[in-house]
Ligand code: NZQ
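So this first bit is one chain, no partners, the form predicted alone, shown in structure tokens.
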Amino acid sequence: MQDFTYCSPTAIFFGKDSEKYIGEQSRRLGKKVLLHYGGGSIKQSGLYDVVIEALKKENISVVELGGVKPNPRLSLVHEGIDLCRREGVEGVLAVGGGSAIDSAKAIAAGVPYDGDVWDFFSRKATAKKMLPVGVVLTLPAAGSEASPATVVTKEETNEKLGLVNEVFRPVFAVMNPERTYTLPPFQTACGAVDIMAHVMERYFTNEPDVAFSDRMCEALLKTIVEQAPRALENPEDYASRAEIMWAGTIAHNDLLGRGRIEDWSSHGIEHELSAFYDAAHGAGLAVIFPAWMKHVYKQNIQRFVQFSVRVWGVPYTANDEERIVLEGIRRMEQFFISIGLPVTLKGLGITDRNYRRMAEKASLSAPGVFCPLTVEDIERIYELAE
């Protein structure tokens, strides 16, 4: 296990009555906040009115910017930065899922910065400060509500880049599982796979002596495998929704990766699907992760054996490691299919074989840590995902 430091300062307010904390916690953002959200779902559900009333009670002025889309766009981030500067906004309150939160983080980082906020994503500059960000979560998936990460897409160049910086951790997150009851099944399923992917990017490591965090990762993965079908069968099953929502936060607040060397190549490879084809991130991960596993498992076959046996219940038989691994991958694919997601690029509607161009771009953000990946390796992973 590697040495590490760890601090997760985000205050979590979780449960059926958690929305009562929105107003008092938003005081920590300032006297004037940007309310940032996606489409009309928060208005249809009544959550918008709850948030506005909570802010009014605390005499907090509100500036609104909706329109966040999946794979949040840099153009809206620029619009938000200009709006915040013009209106003298002191903090940002994101209401929604990972896209709204990531967009809010980028806006909050861009306001005090003299250059273009894209400089942070292209690694030309490092964010030193930002406006405080608060979250009212409606979609468990990205884990951005307590993570130091954000992802934004630059439409003009088809670039979707992630950024990790401790200043990006939100000040607080309000999390009511009841707010996820109305999620479409596809979004619920994509969220479940996104959560699993955040764990697997940490689980597949060559770092020895990480047994404790291995077990934590396996417990979280098994929880999603158990609870996602229940939530899909009964969308108002509070227990299942609560388990998934809390798992989503723990999957990506960096707790599970401490002492380990993480990978993140599958995310980088999938980001090209989102950037070029606007694929839903969770659905793209359901396609890419099995293909990545098939390509790299021989790098550390014992880790894949452990994954297959402990998470997917494949019986262990001595001297039969490859069969065990491939069966574990098969069972994972079958799980993804069972919750309504594709496991092939064709299932995503991608048939033009733009693999070389995507592989060249992905190689810049996904060089492979668990197993080093060349452009040719990444191209092969896309081929395995056909």
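These figures come from a predicted structure and were not determined experimentally. When you see a residue number, it is the position in the sequence shown, counting from 1.
Another form exists, predicted in complex with the named molecule; not displayed. Remarks below refer to it.
Legend entry - Segment that reaches the named molecule in the model of the complex - one of 302-310, 107-115, 147-155, 208-216, heavy atoms within 4.5 Å: One stretch meets the cut-off, namely 147-155.
>> Using a 4.5 Å heavy atom cut-off, which residue among 223, 240, 187, 249 comes into contact with the named molecule in the model of the complex?
In response: The option sitting close enough to the partner is 187.
Between 347, 39, 30, 340, only one gets a heavy atom within 4.5 angstroms of the named molecule in the model of the complex; which residue is that?
Contact residue from the list: 39.
Find out whether any non-hydrogen atom of residue 133 is located within 4.5 angstroms of the named molecule in the model of the complex, and reply yes or no.
Because no heavy atom of residue 133 falls inside 4.5 Å of the named molecule in the model of the complex, the answer is no.
Against the named molecule in the model of the complex, would residue 234 count as a contact residue? Criterion: heavy atoms within 4.5 Å.
Answer no; every heavy atom of residue 234 is more than 4.5 Å from the named molecule in the model of the complex.
Residue 227: touches the named molecule in the model of the complex, heavy atom cutoff 4.5 angstroms:
No.
Review point. Should residue 80 be classed as touching the named molecule in the model of the complex when contacts are defined as heavy atoms within 4.5 Å?
Key: Judged by the heavy-atom cut-off of 4.5 Å, residue 80 is well away from the named molecule in the model of the complex.
**Request:** Counting only non-hydrogen atoms and a 4.5 Å cut-off, give the residues of 170-188 close to the named molecule in the model of the complex.
**Result:** Residues within 4.5 Å: 179, 180, 182, 183, 184, 187.
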